[in-house]
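Next up is one chain by itself, shown in structure tokens, the form predicted on its own.
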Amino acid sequence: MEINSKHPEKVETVLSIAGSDPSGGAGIQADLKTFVSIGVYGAAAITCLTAQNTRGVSAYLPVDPYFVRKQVELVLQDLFVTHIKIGMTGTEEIIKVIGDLLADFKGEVICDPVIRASDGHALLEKESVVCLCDHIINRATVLTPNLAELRIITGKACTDPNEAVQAGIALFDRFKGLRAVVIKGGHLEEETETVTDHLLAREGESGNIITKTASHKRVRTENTHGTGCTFASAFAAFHMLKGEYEQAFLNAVNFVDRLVNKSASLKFGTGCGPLAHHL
């Protein structure tokens, strides 16, 4: 392929702002693996260092908010960032810094509101959730909560799919900038053999909320560490490639489902294993 060095093509970039997982299963590590697997360029700014492995999170250390700001500012000043994916934030100070940086950002902001680790370890204090809503979710275009996070953000029980969808629809009135909400079905009706994920999207100029679903067979496996991070990053990457919420949703659901199936029989550690992005 001949490269025109005089008029090089701008490379669209998705920036992940999230925590670091030394075991490689979640956070920044999962995000960058996802971007590479799908075929987009990814940058990363770290909010928190964590001490964890497949058995769970032992502790986390927030990065100085000034340094979080510096990481993000330098990336935004230099690279052609069209999408920002936000994961673990850790503290109110970091949340406010990110919120300030988002104020002038014109691209897509995909928020995966990391509040608790899958082992139950708190990754954001309960009283800081209001701050997360005010400074980040309020500026997000896409929200991808799991069931526990949806309950915390909405204050709704969400005991069945219909309640969860109604809670998700109510978010559009609360957060005017939201264009799409994905309700992941992995923890809904866990006894069923089918998982159904829901996309709620604001439709064009009318602002009507449309609902789309995607169903797939439930895979019984311990290797689910980092599925939330991976899904949000996949959604961001596919939206960058396609520019359309429904297609990004369907592609992300299929991508994670394929990863879970490929990873199901593997043994990574002695706990909840990660996804095998390299496959």
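As the structure is a computational prediction, the values presented were derived from the model and not from experiment. Residue numbers run from 1 along the displayed sequence.
If you look for the form predicted together with a small molecule, you will not find it shown, but the lines that follow are about it.
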| item | value |
| --- | --- |
| Segment assignment from 51-59, 249-257, 65-73, 210-218: heavy atom within 4.5 Å of the small molecule in the predicted complex | 51-59 |
| Partner contact for Ala234 in the predicted complex: the small molecule, 4.5 angstroms, heavy atom | no |
| Contact flag, Leu123 vs the small molecule in the predicted complex, heavy atom cut 4.5 Å | yes |
| is_contact(Ser263, the small molecule) in the predicted complex, heavy atom dist at most 4.5 Å | no |
| Partner proximity in the predicted complex: Cys111 to the small molecule, non-hydrogen atom cutoff 4.5 Å | no |
| In the predicted complex, the one of Leu143, Ile94, Met88, Ile84 near the small molecule [non-hydrogen atom within 4.5 angstroms] | Met88 |
